[in-house]
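As structure tokens, one chain now follows by itself in the form predicted alone.
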Amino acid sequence: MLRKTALNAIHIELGGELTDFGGWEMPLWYSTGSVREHLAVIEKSGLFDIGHMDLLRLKGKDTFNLIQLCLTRNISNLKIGACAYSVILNEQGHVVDDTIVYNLGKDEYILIVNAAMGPVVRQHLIQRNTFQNVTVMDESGRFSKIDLQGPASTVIMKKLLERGRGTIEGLRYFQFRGDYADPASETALAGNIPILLSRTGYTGEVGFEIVMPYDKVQDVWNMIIDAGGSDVTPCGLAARDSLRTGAVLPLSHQDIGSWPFINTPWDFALPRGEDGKFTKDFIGSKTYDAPSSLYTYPFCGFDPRKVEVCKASLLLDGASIGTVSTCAIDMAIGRVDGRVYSVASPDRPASFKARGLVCGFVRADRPLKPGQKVTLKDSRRSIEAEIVSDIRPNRTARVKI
């Protein structure tokens, strides 16, 4: 039987097209449709149910040491109130899962991991814990999470915060405030609902991830809908997937997974210093001592046609050199004279129309360069694409509030 988030009844009421996602019944889209949902996040704001994610809380004087060992990211400079993207590798350098790690201070951290991965990651950490004082708690069932993403999100959150309204102005990308498990949290919504409010998201656009007690999520969802009015649109998994692809963000167990995490667009998760060498040892780090013939690249096509993920081949000059791990349509972009613009691009030409472009990630057995043309081929069609360093321009995630 599929698990259901606390917002399942709302998804049905909104006409959500429900599907099995990691053992959870989740909305692909609502009656608005995935295209309008995608564009709403670029132009106004979108609201996502992320209650299927898992959350681990680590406490104890040795917590820092365990995280340093098991996560690729060097968190020695991760300040209290800051968070960071990282991956968790096994001894072969394969990805167990990716995560965002939050430093709450006082030897306490939170890891947010993917659907159904809480028990897996918890066991991974416990089995590799050689330290004395660390407690790893899976808080599934105690919390829920929703994401408010898009340029209108800041105004909406300011309306709703009962405590901590002033913190939004100075909240930078990958910073957070509060703790949903603390009744006296420095960030709280009307009705004294404690939340963890994070300047992060999976869309590439300015916005927030909001963690709250499980039994308060319906109240918070309705508050946001009421406060946002026509500026907020409920969004499903399809828009989440197309937005994250255009923002060059990976899907765990699809773009990263049971193969070495090496030569990817997300190598910033590795602890390299200015000299290119690792600044710490971590589980899986020995993998990087050997040369690799695996490379992952973003691509962007020339029209909205797609190929089938994981079944399409990557061709170069007619020869197969790899596979396609993600293939989506970013509906906010288009090309004019070969250049990609977004509906948010201030310099878009008058002739620009966002008809959408296919985009995604490929895994190749050799190095490729931005601008290099490749072919994506499945049993139905062949499409031309271009290896790129970025996809959707003029994203707002890092803008100053």
Partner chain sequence: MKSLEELDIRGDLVYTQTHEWTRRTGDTAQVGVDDYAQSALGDIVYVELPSVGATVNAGAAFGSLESTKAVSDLYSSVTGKVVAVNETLSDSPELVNTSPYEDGWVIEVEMANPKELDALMKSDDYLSFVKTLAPIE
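Since the structure is predicted, the reported quantities are computational estimates derived from the model, not experimental observations. Numbering follows the first chain given and starts at 1.
Keep in mind the form predicted together with its partner chain is missing from the figure; the text below concerns it.
Asks: The chain here is shown without its partner chain. Which stretch in 182 to 190, 325 to 333, 151 to 159, 70 to 78 comes within 4.5 angstroms of it in the predicted complex, by heavy atom distance?
Replies: Of the options, only 325 to 333 has residues within 4.5 Å of the partner.
Asks: Of the residues 306, 216, 124, 94, which one places a heavy atom within 4.5 Å of its partner chain in the predicted complex?
Replies: When its partner chain is considered in the predicted complex, the option within 4.5 Å is 306.
Asks: May I ask you to choose, among 33, 371, 367, 349, the residue with a heavy atom within 4.5 Å of its partner chain in the predicted complex?
Replies: It is 33.
Asks: Taking heavy atoms and a 4.5 Å cut-off, does residue 355 contact its partner chain in the predicted complex?
Replies: Heavy-atom contact with its partner chain at 4.5 Å: present for residue 355.
Asks: Contact between residue 28 and its partner chain in the predicted complex at 4.5 Å, heavy atoms?
Replies: Looking in the predicted complex, residue contacts with its partner chain include residue 28, since a heavy atom lies within 4.5 Å.
Asks: Any of the heavy atoms of residue 386 lying within 4.5 Å of its partner chain in the predicted complex?
Replies: The answer is no: residue 386 has no heavy atom within 4.5 Å of its partner chain.
Asks: Scan 375 to 396 and write down, in order along the chain, each residue with a heavy atom lying within 4.5 Å of its partner chain in the predicted complex.
Replies: Read in sequence order, the residues that approach its partner chain (within 4.5 Å, in the predicted complex) are 380, 381.
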